[in-house]
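One chain is shown next in structure tokens, namely the form predicted on its own.
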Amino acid sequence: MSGTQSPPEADVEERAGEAEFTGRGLERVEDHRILTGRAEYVHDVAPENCLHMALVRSMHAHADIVDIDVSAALEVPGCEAVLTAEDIKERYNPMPCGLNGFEEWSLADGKVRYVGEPVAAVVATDRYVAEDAVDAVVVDYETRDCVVDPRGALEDDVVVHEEFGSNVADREELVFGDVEGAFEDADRVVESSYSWGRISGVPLETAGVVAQYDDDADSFDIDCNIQLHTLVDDTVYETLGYGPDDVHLNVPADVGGSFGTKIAIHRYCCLAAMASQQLERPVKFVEDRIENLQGGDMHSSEREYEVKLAVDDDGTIRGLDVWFVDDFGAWPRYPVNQVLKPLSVVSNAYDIQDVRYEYELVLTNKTSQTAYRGFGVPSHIYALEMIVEEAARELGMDPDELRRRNLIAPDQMPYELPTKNIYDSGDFPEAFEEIQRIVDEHERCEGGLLDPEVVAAKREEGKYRGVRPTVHIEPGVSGSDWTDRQRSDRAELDDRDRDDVAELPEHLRAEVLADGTVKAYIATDTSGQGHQTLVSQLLADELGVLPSDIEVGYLDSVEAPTEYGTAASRMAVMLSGATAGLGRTLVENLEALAAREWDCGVAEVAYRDGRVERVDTGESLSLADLANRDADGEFVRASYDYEHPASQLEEFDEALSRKFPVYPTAAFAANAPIVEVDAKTGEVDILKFYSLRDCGTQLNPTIVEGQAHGGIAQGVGAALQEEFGYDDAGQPQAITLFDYKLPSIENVPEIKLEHTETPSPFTETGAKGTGEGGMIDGPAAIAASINAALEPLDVTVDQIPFTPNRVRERIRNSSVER
């Protein structure tokens, strides 16, 4: 067990006279140690006699490895070893791939397929020596033509994996409803193309690992900041050729961000573990920023869309047809379902029942793709909102009116999408009306940002202001069974039934200690979400104690059962459900223990406020009393496994059995970012970002606000600034933070949040997932407002990020005279 941390005294509040802690904006217990420099990250793990690893990385996008000469590197004083693919193939296994038919080793085997791909691992007495030895490794390459354009990759003129025979690693066409009929019967068909650039999370803390091989036990202890460490630990132990009980992945209680990008960093764990085993010493590797940006297996999806909308002249949307190509990079890395998650929100907040959804996964000579906040949904929402905007233009209809006519009504809840996912609750039309009212009241008034006189004066200066409200769904709490759809025999999916579905519950355990405090253990990892706060807050209510009486730690991959973990906005729902169940279990146990002590029936005792009372005599036993009467821990230790909400509901049977994405909560947001576009420079300034958000029951409003602020900030970066561009030779164009333009205090606007609470009927606490909002809905909302601002110039957003040069290009090409 690891990562236990005591809540600071500052968080202690007297329970007497207070309402429940759940729903209150308690400060996060994690923040005290983080802000005072007491948090310990992987980089702080420094075992005695530790060696350090550095990687030789490819400088070419596509080349055969003719020869690797490591002799000079081995002569560098302090260099202990150099590993190549030939070395590791003798003893270990290839890494599990995201799709069948591929075999990837931890080091490039005979050929490099992207700039930054690791070719050799150098281990030395410190990182500086290792870097010097890296420079001494001589790799003889024979370069090949490369392919970097995803549409071009479809042609297979240059094939990234000859043994596979095509750059199209996977494709699927999914048809729901009568799509042909909808498009034939509609008054018109609107179609357009949209691009979504390659971005990613860029966490403060890069990937890191410290691996130690135990020769006596023939096992590994690996401290690392991998995400989903109990779910994807197979990528490490299978690669090493060991069983799951022999490889302990220990993730610290503090990880400096992930946003999905650390799910696929298992390569580093494997290489450090291999080196440790061979050298019989601990080996450490911490990715530097250039490695992280260039080739750290952390880029997210890049997509080209062709979208069609069938719409009647009165504004009724009849059908949706989406095709896109997803640039997977050089390898189909786990996970691959970023192309499938959008099916859980395929029509966003609109009532559309006839949908065709087709994707093609292509391989190119770029860094491999991994997950990122929103997991493929942000680009889909953006493309959908843009085609709705296009339809409004072709109809000559106010986009607000077109949206309003097609929003799902509250009396349609729970609403089943054609793709079989279900929205649990919400009033989207009311949210849409409310965000419009807020903007009208505060900004379309004298002195407001949208004061008509101010807007007109700004246009005289060449600055165009606008806002266009939109409503977006944030799917939450992914199920696990559907995630291997692309590694399944799809022909057999129609024959699956509900009993074939395998889901993973959320595990939580706790014990009452001799001093009467409680220690809880979380089975998943964290990357800054506030899990310890959430558990201590909710468990305090369940047990009638203070949050400061509860200490929360984490389990490593061997101690914890396999579970899905921290992803897809699961933890608020799954951890709160597990905490409620654990609290009930502990109370029942303690009542049984007290009844045994008093030799009476359980019905004659009652638990209240951290004590068990005997009803007839008024005697009581505190938690400390009870813990000291249970030497073997039979009653004071308990665990609980909270089942995934959808797995308990018949409504999700079809989606579960056919491996369609299942997200049983639908948080939603109505956004209205007010933008100003400088037509001369192309700069887009977000003057203020209004957002009305609903994530069901707010367990901790402070954490909810933090998630929203962070998500919107990432949405701003995605919409306007961030992009991992490549030149035609496959050379990455953004390998420093001077090139990859993260949003800063200069770019993140004033965010005005409003909240409503529509509890989910599907979850234990009514909570919905809210960890990806802002990033999911921010880019589409910003793009819609830019369209509104640039309407006089007939310029619309067709490419994300909409950088100043692209804005200027569209304005120059506009037929509208200025």
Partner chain sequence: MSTDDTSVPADRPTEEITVTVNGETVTTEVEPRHKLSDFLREHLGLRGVRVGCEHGVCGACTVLMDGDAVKSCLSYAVQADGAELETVEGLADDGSLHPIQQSFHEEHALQCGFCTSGFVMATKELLNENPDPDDEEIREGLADNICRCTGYQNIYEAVNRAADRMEDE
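Residue numbers count along the first chain shown, from 1. Worth saying up front: this structure is predicted, and the values here are computed from it rather than measured.
The same protein has a further form, the form predicted together with its partner chain, not shown here; the description that follows concerns it.
The three residues 173, 231 and 653 each lack any heavy atom within 4.5 Å of its partner chain in the model of the complex. Only one of 622, 71, 736, 412 comes within 4.5 Å of its partner chain in the model of the complex through a heavy atom, and that residue is 736. With the partner omitted here, the residue from 488, 166, 681, 744 that has a non-hydrogen atom within 4.5 angstroms of its partner chain in the model of the complex is 744. Using a 4.5 Å cutoff between non-hydrogen atoms, residue 239 does not count as a contact of its partner chain in the model of the complex. Although the partner is absent from this view, residue 429 stays clear of its partner chain in the model of the complex, with no non-hydrogen atom inside 4.5 angstroms. With a 4.5 Å cutoff on heavy atoms, residue 496 does not count as touching its partner chain in the model of the complex; it lies far away.
At least one heavy atom of residue 38 is located within 4.5 Å of its partner chain in the model of the complex.
Note that among 516 to 524, 353 to 361, 257 to 265, 306 to 314, the stretch whose heavy atoms approach its partner chain to within 4.5 Å in the model of the complex is 257 to 265. Contacts between 76 to 114 and its partner chain, taken as any heavy atom within 4.5 Å in the model of the complex, involve only 77.
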